[in-house]
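Just the one chain here, the form predicted on its own, laid out as structure tokens.
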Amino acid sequence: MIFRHLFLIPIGIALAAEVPAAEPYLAWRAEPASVPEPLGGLKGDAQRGRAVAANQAQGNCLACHPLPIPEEPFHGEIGPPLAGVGSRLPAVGIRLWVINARLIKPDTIMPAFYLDPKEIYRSDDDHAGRTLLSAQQVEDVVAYLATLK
């Protein structure tokens, strides 16, 4: 199933943009301070993960965290700096932070980027049945953050 949305472009013409249907949710298992297995056995790509982290419509990590992405002018200061996170945490620990930081720090304001959609209330029909990031995007962000030594 494809969902269609209308976007106005500067010259005033409405174009239909296709948003793919929600992908199947991949279950994961948490251990103390980690998710030891990549989601669905997927391999992350650090370059794609950097793009997801900087993208306001995807990970938007820069909204809260300073990151070594100098071409982006605005970096948040709510969360800790992520430069060097790959030296402080192994990828399995970074994965849990990205999937659901509340399992580590219950009072965090960081969103859970990969929860079972059945457990998420969404008032916006466009996002119903979806995780905030896809499994591949989670693994890409993990791969990127793990390179920050």
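The first residue of the shown sequence is 1; numbering continues from there. Note that the coordinates shown come from a computational prediction; the quantities given were computed from them, not determined experimentally.
One more form of this protein exists, namely the form predicted in complex with ligand HEC; it is left out here, but the text below deals with it.
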Ligand HEC contact at Tyr114 in the predicted bound form, heavy atom, 4.5 Å: no
Heavy atom of Trp28 within 4.5 Å of ligand HEC in the predicted bound form: no
Heavy atom to heavy atom, is Cys64 within 4.5 Å of ligand HEC in the predicted bound form? yes
Given that the partner is absent here, does Pro80 sit within 4.5 Å of ligand HEC in the predicted bound form, heavy atoms only? yes
Heavy atom within 4.5 Å of ligand HEC in the predicted bound form, from candidates Met110, Ala91, Ala46, Ile69, belongs to Met110
Is any part of 128 to 149 within 4.5 angstroms of ligand HEC in the predicted bound form by a non-hydrogen atom, and which residues would that be? Leu133, Val141, Leu145
